[in-house]
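Quick setup: one chain, the form predicted on its own, written in C-alpha cells, and binding and motion questions come after.
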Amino acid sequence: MTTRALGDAPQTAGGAPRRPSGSGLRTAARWLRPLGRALAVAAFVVVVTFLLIRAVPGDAVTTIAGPRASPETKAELREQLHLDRTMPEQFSAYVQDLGRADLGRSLVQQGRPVTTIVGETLTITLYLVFASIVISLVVGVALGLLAATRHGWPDVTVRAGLTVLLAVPPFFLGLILILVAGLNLAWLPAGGWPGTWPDNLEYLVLPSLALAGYLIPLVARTTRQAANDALAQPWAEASETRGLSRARIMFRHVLPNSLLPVVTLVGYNAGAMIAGAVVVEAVFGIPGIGQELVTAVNARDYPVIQGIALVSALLVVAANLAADLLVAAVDPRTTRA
C-alpha cells in the first residue's frame, strides 16, 4: 500500500495531480469577465454610431444633400445610406457592412471609401499618440522615482511642476512650444507634416510633447505613490540591511512593482489621448484623424463622421480591454469577485 506524504497534492487514479475544485472556472472567469465587458461596450458603440445619421433633426437626406438637391440626388443618397429600408433592415445592412470592413463612401471626396480615409488619417494619429505615450512613460516614471527617493525640496519641486503641467491644456502647451522652440529658437518645425520618413520624426516632436503634457503628471504621480508603497514594505528595509544599494533596490525591485499601475493608467487614458490628439493636430496642422473629422463636420460628410466615431470608440475599447487583460495576467487578485 502506498502512502501519501502530508502536504502532497491530491492525485487522480492515473497519478496526475488533481487541480483544486473551481480553479479552472475562476481562471476562465478572470479572462472572460473583461472580454464580456468589452464586447458589451463595443455592441453599444455600434448601435450608437448606427443611430448617428438617423438622429439628424428632420430629414437626414435633406440635411446632408441640402434643400436644393434634386429628387434624383436625394433618392440616390437615401439608397446609399440604406435609409430607404425599414429600421431593422438598415441595422442588419449596417452590421453586415461592418463585418466586411465596409464603412461606406464619402459624400464629398468623390466617393472614396471611408475605410481608406480613416486608415490613412488614423495611422498619423496613432504615430502621435504612440510617441506621446513613450515620452510620458520615460519622463513620468523618472520624475516619479525621483520624487519618491529624494524627499524634501526635490519632491516638492517635482510635485509643484506636475501640478502646473496638469493645469495647462495640451493646445495651450502646443502654442507655447510653437512660439518658443519652433519660432524663437528655431529648434524644430512649428507645424506641418511632410508625409515621408524619417522627415516625419522631426515634425512629430513638438506635437508629441504637447500631448504628453497631459499624461506625464498622471504617470509621475502614480509612479511616486507606487514607489513609496513599495519602499514601505518590510522587504525594502531588509534589502538595505543586507547591503544592497538604493539604486539597485529601485531598479530591481521597486520599478517592476510600480509599472503595473502605470501601464493600467495608460490603457485607461487611451480615450483622453485620442481626444487630445484631435486638438493637437489642429494646432500643428497635422493631417490626422482629428483634422479629417473637422473637415467632415464642416462638409456634412456623415459617413466619414460615422466611420471616425466608430473606429475611435472601438480603439478606446480595445485599449481598455488590453489594460484589463494585463492586470488579470499580472495580478489575478484584482479580478476576483
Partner chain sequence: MTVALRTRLDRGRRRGASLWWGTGVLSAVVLLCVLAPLLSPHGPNEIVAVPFSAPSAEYPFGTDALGRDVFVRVWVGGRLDLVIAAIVVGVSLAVGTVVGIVSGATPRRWLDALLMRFVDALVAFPFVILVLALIVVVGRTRSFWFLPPGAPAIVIASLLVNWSIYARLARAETMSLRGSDHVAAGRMLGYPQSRIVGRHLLPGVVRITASYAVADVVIVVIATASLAFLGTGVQAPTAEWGSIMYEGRAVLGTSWWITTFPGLVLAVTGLAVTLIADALLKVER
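What we label the rigid core is the largest C-alpha set whose atoms superpose within 1.5 Å from one form to the other. Numbering follows the first chain given and starts at 1. Here the structure is a predicted model, which is why all the values come from computation and not from measurement.
Although it is not shown, the form predicted together with the partner chain is what the next lines describe.
The partner chain is not shown here, and in the model of the complex it never comes within 4.5 Å of any heavy atom of Ala319. In the model of the complex, Gln96 stays away from the partner chain, with no heavy atom inside 4.5 Å. Remark: Pro169 counts among the residues lining the partner chain in the model of the complex, judged by a heavy atom distance of 4.5 Å or less. Under a 4.5 angstroms non-hydrogen atom cutoff, the partner chain in the model of the complex has Val45 among its neighbouring residues.
Figure note: of the listed segments 172-180, 193-201, 72-80, 85-93, the one touching the partner chain in the model of the complex, with heavy atoms no more than 4.5 Å away, is 172-180.
Residues of 261-297 placing a heavy atom within 4.5 Å of the partner chain in the model of the complex, in sequence order: Gly271, Ile274, Ala275, Val278, Val279, Ala282, Val283, Ile289, Leu293, Val294, Val297.
Once both forms are fitted on their rigid core, the CA atom of Val294 lies less than 2 Å apart between this form and the one not shown. Residue displacement note: Val46 has its CA displaced by under 2 Å between this form and the one not shown (rigid core superposed). For Ala65, a C-alpha deviation of 2 angstroms or more is recorded between this form and the one not shown after rigid-core alignment.
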